[in-house]
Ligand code: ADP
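Single chain ahead, written as C-alpha cells, the form predicted on its own.
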C-alpha cells in the first residue's frame, strides 16, 4: 500500500512536533484529547460517512469501555493492557444488543433511539453508586505502562494515543477500499440494489455499528487511563453530539476530514471556555451553542465539510488501470435446453390490485426469452418476484428445480441470478469502476476484519480486474475512473449491465436495458447479449423496443393486464391476432 506525500508529511510532523515541547505542555494535553475524539470520529466515519447511519450514542460506548477497565484495574488490580480487550469487548457487546434492536430502524427513528439509550446509560452510570461511584466518580485508575515505563506525562501518552489513531485510520482506509467498504456505501444509498448483488444489508449495518463501538471503546480506554479518574460526565449525550458535530464539520465522508474535525472542535472548545464567559459576563456551558453556530456556518460554505472543500486544491494521485485475470468463473452444470428457471401460476396482489395473475413460463439454458407487454402489464413485478424483492401471493419460482420464493434477494443472487432495474440503481458518488466492482461482492469472501488488516489485497485486485473486464465488454472502460454522476442515461444502463456481468451469473434478468441507448449502442448491446449466450449464459429480457426484441430473442412471452396473453417464437407472436389487438386496439 502506498501513501501520498502529503500524508507522510502530516504523519512526520505529528511525530516530530512533541519533541520540541515540554512533557506537560498544554498543547500535548490538547493533542491527546484530539486523539480521543479522532478515534470516536473514525467510528462515525464508518457508521455515518460510509453506511449512512446517524448515532448520538458513541460517548456511551466510550463509557462502557472506560468503566469496565477502571473497575477491573481498581477492584482486581489488573494491568490496563489486560483490560483493553475486555473494555472494548464490553462496548462491542453493548453495540450488539442495542444495534440488534435499533439498526433496522429507518429515517429519524434510529438517531432518536440512540439518544434514548445514551441518556439511559448515562443515568445508569450516575445512579449505580455502589459500582460506579455515581457522579463523584472513581479515583485511583492506574496509568498505562509500556515495558516497565509508566506513561504518566502528556508527551509519552501523546505517542500512545496517536499510534492508536493512525492504526485506526489505516484500518478504516483498508476497509474503505475493500468489497465491504463498497457494500457499506451501496447500502447507504440503496439497500435494494445492494441486496440485488449479494449484500445482506441488515447484517452489514449491525457489523458496522459494532465496529464503530470498537473505535469508541478504544477511545474510552485511552481517556480513562490518561485522566486516572472516571465519572459519567464525559460520556453524556452532549459529548456524543460534540463528536458527531466534529465528524460532520470536518467531513464525515473522509478519514482526514473526521480527524480534522476533531482537532477543530476540541481546539475551539478550549478556546471558547475562556472567551464565552467574558462575552456573556458569567460562567456557563455555552460551548454547545457555539458548536451549533459553527456547524451551520461550515455547512453553509462547505456542505460536505472542511476537508472536501480543502481537498479540491490538493494534488490527486493518478488512478491505476486494474491488471490481472479477474476472478474464477462460475462452473456451469447442465446441458443446453434444460429448464433453468420455471415460473408457475405466479400471482401478486397489492390490496385490491391484481398486478400478476397466474403467470407461467419456463426459461431454458442458453436461450434468450423476452417478456413483453404494454406499460402496467406486470413485467417488472414479475422480475421482482423472481428475485424475491416481492413475495408472491400465490404460485412458485424454481431455479434449477429448487423453489426460491421466500428467500431473500441476496440469497437469490448468490444462486447465480443477476438483474438490472427498470430505472438504473447506481451510486453517483462512486466511480464507474467501483460501481461495476459491486457486482463481484458475492464472488469474493474476505470479511471486515481481514479487509481492515489489509489481508484482502490480492482478492481486491482480482475483483477490480473482473470489473474492468466487464466495463470493457459494454464499452465503458475509458470512463472507469470517472464518477458515475456524469454519465448519460444510456451509459448508466450499460454500467448496470456491467455490474451484473461482473457477478458472473448463470441467468441474467435485464429490465428495459435498451431504454436510452442510441441506435449504434443498441446494435452493440445485441451483439454482447448473443456473445454472452454463446458463452453459456441464459437471458430473460424485458424491453419495449420491438425491433430489438424480435431480432434478438429466441422466444417471447406476452403479458397483458398481469396475465399471459401469448407465448412462442418472435414470428409466431407477431402473427398472433390477440397480440395485435392488445397492442393496436383493433383487429388487423
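In this text the structure is predicted, and so the values were computed from the model without any measurement. Residue numbers count along the first chain shown, from 1.
FYI, the form predicted together with adenosine-5'-diphosphate isn't displayed, but the following is about it.
In the predicted bound form, which of the listed residues (297, 391, 203, 353) lies with a heavy atom within 4.5 Å of adenosine-5'-diphosphate?
Exactly one residue meets the criterion: 353.
Among the candidate residues 428, 454, 374, 234, which is the single one with a non-hydrogen atom no more than 4.5 Å from adenosine-5'-diphosphate in the predicted bound form?
When adenosine-5'-diphosphate is considered in the predicted bound form, the option within 4.5 Å is 374.
Out of the stretches listed (178-186, 376-384, 407-415, 444-452), which one is close to adenosine-5'-diphosphate in the predicted bound form, meaning heavy atoms within 4.5 Å?
The contacting stretch is 376-384.
At 4.5 Å between heavy atoms, is residue 422 in contact with adenosine-5'-diphosphate in the predicted bound form?
Yes, residue 422 is a contact residue.
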